[in-house]
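So this one's two forms of a single chain, laid out as structure tokens and tagged structure 1 and structure 2.
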Structure 1
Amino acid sequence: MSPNDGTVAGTGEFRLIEAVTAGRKQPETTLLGPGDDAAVVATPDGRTVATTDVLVQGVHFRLDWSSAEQVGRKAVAVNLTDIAAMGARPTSVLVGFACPPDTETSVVTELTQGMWIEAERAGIGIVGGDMVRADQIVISVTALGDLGGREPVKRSGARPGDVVAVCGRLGWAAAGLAVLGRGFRSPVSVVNAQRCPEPDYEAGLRAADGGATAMIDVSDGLLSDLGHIATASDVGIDIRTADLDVSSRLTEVGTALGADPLKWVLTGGEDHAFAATFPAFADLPEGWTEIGVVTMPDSGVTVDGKKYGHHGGWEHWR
């Protein structure tokens, strides 16, 4: 698609978000508006963190690849990592649900079971929702969270000289997607990573308490998501591939499929690991690994000092 063809594909996902958010005046109660993993709003009772992510059948999941319970777990998990990436603790979720009339009722109850399993993993519940008709299954989850007195860790706080670190696996869900896309169902470790991430929601809190200057959850791909930190913070970021964990399991799957496992680690989405920046020489919180450095503005996101030759991650409509 060309940029000027008048379609959303031509505009692109991130320019479209810019087009629908730029220039809108927010009330004073919007402490942090669109542009981060979650918003922060002031209420007379305090502050609330809020975020929403939509999952569409055929785009985000297939019910011949995943059980309905796994899809339900994923729908909640991908929202709770946006709350955690602000340095907040989830407090509740609401679930908008759309499906065709001939959808088996058991699919809806199994999806719900999965959503409750993941919610309970984070110590929260589903407190409301909505049910409507549509041509395919759409799950829209809204998650709320609480900062517990902390300042939100935004995408915009990285400074040149900070270290870049990650917590959680990278590349596994993309390897699973490649496996499923070729009609295979194993190895189950990577396939299950694609079906549902298993995020450590406390990792975001540990990062916030450990002085993280910026943070994001890796939904689209490490390079793409670090690109959001680089843009918001007006800095560059350089990743050292020698410090990335390319697991032997990914290497095995890559060899079997004729694919590059490092590309999955750098650009694969849906693992919902956390990436953050910390002041140089800070002791990194438990579970966090240094993978790079924040550089001067305008250098973009580089890999071993060079521009990466592929897309940095998933983009809808591309």
Structure 2
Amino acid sequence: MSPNDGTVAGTGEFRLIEAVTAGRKQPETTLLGPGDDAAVVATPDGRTVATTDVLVQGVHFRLDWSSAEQVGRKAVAVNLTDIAAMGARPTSVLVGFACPPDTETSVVTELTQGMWIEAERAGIGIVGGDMVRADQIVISVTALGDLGGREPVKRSGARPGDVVAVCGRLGWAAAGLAVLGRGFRSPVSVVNAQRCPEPDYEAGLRAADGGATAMIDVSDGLLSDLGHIATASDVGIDIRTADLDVSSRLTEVGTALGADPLKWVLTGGEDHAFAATFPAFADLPEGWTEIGVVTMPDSGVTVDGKKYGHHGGWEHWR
């Protein structure tokens, strides 16, 4: 391939790295950014919260459904919500990127532009990573966070009598996936919820400061993810559908597609909202809405006191 053919092979690894990192600003927590064998990031708390997610083309995203910039934003967002769900503040991300040699350079630069946009929205920097050759596009993001003196909010702290609350939209990404799967591209607000979540990263901090006993990022579906809290805490959880926000837009889309919007809210994944439990009678933090209660062990996750059936949620290799 010629040096100027517009592909990553023609651009070359090091010129591509320079193109996606040059001139980018870093927060004060980045003591040493891209350019050396490893980055140096400040950890004022003395503890580091870390998480990794891998996104594979054709499994987690499609470039005929989403722009490269939206994919980049989503790759960062899905990691930062895991940090926030621990009650930590995100500080930085590292990116591993793989693609075929004939991938257009513009796809990579647009994708990394999306990563930088989301990182800056969270007040953090991309401090390093790696680029390699592969048969398809693969994005691996490692996110780091700082607890700021707090104890981590784990999945195992819920107790009977606690209230269950959520922060963020539910069901929108699943509705967007259903729309895209039917070959449509509107309503844009619903489709974009699938293409690129816009989490409130401060929600996890507010929950931790507000006394949350357990918390999780809603990535696989509300009932599925609450099931993780129930299992880890050895409790049951009951959700009240009357307290769930089933928006008029979801109802409209459900009617058009012959689908139940409540099912999207209860089982749809990729919204990257937050679910948490709080002590009974606690004042919920700003943006959090009570939707249920923690019950006794062995009662599972129920909806209006009854088993809902399959809780949905994504599970690889299933």
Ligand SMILES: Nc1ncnc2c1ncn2[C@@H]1O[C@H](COP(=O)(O)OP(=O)(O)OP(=O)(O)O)[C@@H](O)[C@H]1O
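Values in this document were obtained by computation on a predicted structure and should not be read as measured data. For residue numbers, the reference is structure 1: its sequence is counted from 1. The term rigid core refers to the most C-alpha atoms you can superpose between the two forms while keeping them within 1.5 Å.
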With both forms of the chain shown on their own, indicate which is the form predicted on its own. 2
Comparing the chain between structures 1 and 2, one rigid part rotates relative to the other; which of 242, 281, 23, 45 lies at the hinge? 45
Treating the chain as two rigid parts, how far in degrees does the smaller one rotate relative to the larger between structures 1 and 2? 176
Displacement in Å of the C-alpha of residue 34 between structures 1 and 2, rigid core kept as reference: 27.7
